[in-house]
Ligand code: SAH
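Read the single chain below, which is given as structure tokens and is the form predicted alone.
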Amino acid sequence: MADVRRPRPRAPFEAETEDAFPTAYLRPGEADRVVAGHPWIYEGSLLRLTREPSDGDVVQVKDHRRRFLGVGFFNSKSKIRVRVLSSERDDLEAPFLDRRLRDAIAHRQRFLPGATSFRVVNAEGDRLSGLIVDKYEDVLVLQTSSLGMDRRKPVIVEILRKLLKPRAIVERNDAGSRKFEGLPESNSVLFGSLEEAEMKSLPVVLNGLRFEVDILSGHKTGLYLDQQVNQALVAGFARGARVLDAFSFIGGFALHAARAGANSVVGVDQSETAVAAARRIAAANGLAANTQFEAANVFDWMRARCTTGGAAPAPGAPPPAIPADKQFDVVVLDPPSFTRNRASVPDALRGYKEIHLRAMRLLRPGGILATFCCSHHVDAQTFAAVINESAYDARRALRRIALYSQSPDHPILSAVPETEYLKGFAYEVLGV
């Protein structure tokens, strides 16, 4: 009779995989998050490595009981030691990358049909940690923030050429986060060619409006694409209105409002370069007549606008009314992130409270406040609480009329909270 107690021999494929890839074993209690789909494994989560891999190599991940969890890229220089890309035994080379890129493109075709400029790959949101690709008409801009992805740039470029047939692919790798992966800055044209003038001002179309992108030195890869859907939605409040677009950048919300029939639109941003671009874009779209852009610190601008010149109100009394000629029917607040880490959240909340307090004072009774926060360190509940505190201090009542999130080309994975960063609300702001 066979000895049933004899250990079952490992399957041949398991043995081959063990030899092919080093194995990273996790400490007890660290596997659940990876099984749920979160791709980041920090140094403190590692129990041991069967052998030391080279940075950028593929490793397989197992829990402390030797159960297979997935495969990912290893980097000893990064706080994120392993970025898990697949729960299957993939080698993470060309066939795997081709499948994931096809999936990413299909998602955009399904949920953002008709868009000609959009984010093609949003890193963790597309299960391609360390890779961002933006499409500006027929030009792609690529960023790699992990060593594993950076080493595979030639393969990624060839797949993107095949799938999207771009005129050019530009590498915009000047993000500060690359230094945490031991990567240098690198900006270049990886495929095709672009004139220098195009690099500084590439024409793009968003929701039928013509914009321009500074691929060479603009924010991120040149333009913020995550508000594309929200800009069209918020414009629905603008017909016949006086609109303020605070932190307007190159006028995304302002120009959508002007096209929707706003009587007048004021855009305010502290960047003179962005304001100059907004004026050019307004003229190119035939919207210069009812738009005005000012280069100013938004906090100072709103503070000055709220000043009535009268005596300060008594404690507990409502603030004095703002003259009608200084009020707006719609105010949009879309500031840059006020916080880059959890330690600075209290300061960020004070900043959010100030701009909301002043925005509510600048709105006529019944006006619309559309407001956004792009820091994942400030969740939607905390953001809403700050808005409510501001309404209390401004003696205003709020009626929430809309919720906003990032455009679908910036997908959110439920297991990866970091993929959800943009949240927004629209309120009807009432008197007391």
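Remember, it's a predicted structure, so these values are computed and weren't measured experimentally. All residue numbers refer to positions in the sequence shown, first residue = 1.
There is another form of this protein, the form predicted together with the named molecule, and it is not shown here; the text below is about that form.
Taking the partner from elsewhere, L209 is found to have every heavy atom lying beyond 4.5 Å of the named molecule in the model of the complex.
Among residues of the shown chain, P336 is one whose heavy atoms approach the named molecule to within 4.5 Å in the model of the complex. Put simply, N173 is far from the named molecule in the model of the complex: not one heavy atom of it is within 4.5 Å.
The closest heavy atom approach of Q231 to the named molecule in the model of the complex falls within 4.5 Å.
Of the residues V266, V298, L194, L112, just one reaches the named molecule in the model of the complex with a heavy atom at 4.5 Å or closer; this is V298. Only one of the listed residues (S248, T144, S78, S129) places a non-hydrogen atom within 4.5 angstroms of the named molecule in the model of the complex, and that residue is S248. The candidate site formed by Y224, Q227 and S271 is fully in contact with the named molecule in the model of the complex, as each residue has a non-hydrogen atom within 4.5 angstroms of it. Partner contact region in the model of the complex: 290-298, out of 290-298, 153-161, 136-144, 322-330, criterion any non-hydrogen atom within 4.5 Å of the named molecule.
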